[in-house]
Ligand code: GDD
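Here's a solo chain for you in structure tokens, the form predicted alone.
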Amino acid sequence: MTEAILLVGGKGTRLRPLTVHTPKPMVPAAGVPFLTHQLARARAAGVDHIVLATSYLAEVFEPYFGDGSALGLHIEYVTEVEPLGTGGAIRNVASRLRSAPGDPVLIFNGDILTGLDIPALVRTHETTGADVSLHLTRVTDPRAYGLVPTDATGRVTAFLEKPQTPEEIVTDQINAGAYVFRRSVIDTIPEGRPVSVERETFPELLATGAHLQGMVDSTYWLDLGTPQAFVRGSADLVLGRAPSPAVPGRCGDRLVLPTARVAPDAKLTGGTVVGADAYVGEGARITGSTILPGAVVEPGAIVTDSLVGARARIGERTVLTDAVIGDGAVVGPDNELRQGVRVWCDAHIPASSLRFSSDQ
């Protein structure tokens, strides 16, 4: 297997949950745009040709990644005129593929962070003779996902929509968003209209007797569909829990980009990232958070599990917990923002304006 399709933007608003100007796939995760980690992992698995299937804000990718040569790849770009769904996006780029009809093609979603053993998925595909092989993962509560039960050999037996009752939860296996397609199967997807692989392509293939193989991989997996998950994913990359050859430095408790400035007595833990030209003042404590380029965290501030946008400013002694602060926003001194609060880009919260804790 030497080529892959990376689906970016096919889920629309899922790429825009962050109150920052930069589109989510380009927001730095562990120091580099998130897509860099996916591209680097594909390259490490032997892929050298990737077609980027884009829709929302497609124009931001090519200026940054170019032809892919900096990553040892050849990248091509195909942009949807109208949203085509996952299956439609795959079919839309078929003409750019170089594989022969029987060859495997890796396909993965642009908003999933995973430690998937890609070569193992390809081997599973080839040794079982499957038409499509799916990466499956197990989750504690599968109610928010479609279920994918398999038989004793790993062959997929059904695709079940989000279960509503305990009786409907027949497995804890879900579709983890990475596949290997036989090249010829891609050409069977209807062209020029929206198609969902989850709701249309896979069930129809199963109904016609095609061989769909599941491979359960219990390594790291995280859907980055929420700001909280994005911050968690960035921290896990720094901590080494989520593997990536693109992390610009050693894995550890923190990652401070070269042009950032951190006061000697500031404490950074939990996979915190401090971006280029950002500043962290004296006595500040930052845990499991992402501080984007040019942001300022003033002395004595406490930031936990939060995203501080580019050029934002967090005032002295302000406390942030599970917060997203937009680009250019200013949160004045002695505020306390908790419980998933979102502050819009360029907003200004005066000193001592908000407190989430009780008088106790």
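Throughout, rigid core stands for the largest set of C-alpha atoms superposing within 1.5 Å between the two forms. This structure is a prediction, so every number in the text was calculated from the model and none was measured. Start at 1 and count along the sequence shown; that's the residue number.
The same protein also has a form predicted together with this ligand, omitted here; what follows describes it.
Although the partner is absent from the chain shown here, none of Gly275, Asp327 and Asp346 has a heavy atom within 4.5 Å of this ligand in the predicted bound form. Although the partner is absent here, Asn175 sits close enough that one of its heavy atoms falls within 4.5 Å of this ligand in the predicted bound form. For the chain shown alone, Tyr179 is a contact residue for this ligand in the predicted bound form, at least one non-hydrogen atom being within 4.5 angstroms. Proximity of Phe230 to this ligand in the predicted bound form: non-hydrogen atoms within 4.5 Å are absent; the residue sits far from the partner. Interface residue remark: Gly85 is counted as part of the site for this ligand in the predicted bound form, having a heavy atom within 4.5 Å. Partner contacts here mean any heavy atom within 4.5 Å of this ligand in the predicted bound form, and among 242-250, 106-114, 120-128, 276-284 they occur only in 106-114. For the options Asp141, Asp187, Glu161, Glu168, the residue carrying a heavy atom within 4.5 angstroms of this ligand in the predicted bound form is Glu161.
Screening Gly270, Gly146, Pro203, Gly154 for any heavy atom within 4.5 Å of this ligand in the predicted bound form leaves a single hit, Gly146. Taking this ligand as it sits in the predicted bound form, the stretch 211-225 comes within 4.5 angstroms of it through a non-hydrogen atom at Trp221, Asp223. Core-superposed comparison between this form and the one not shown: the C-alpha position of Arg143 differs by no less than 2 Å.
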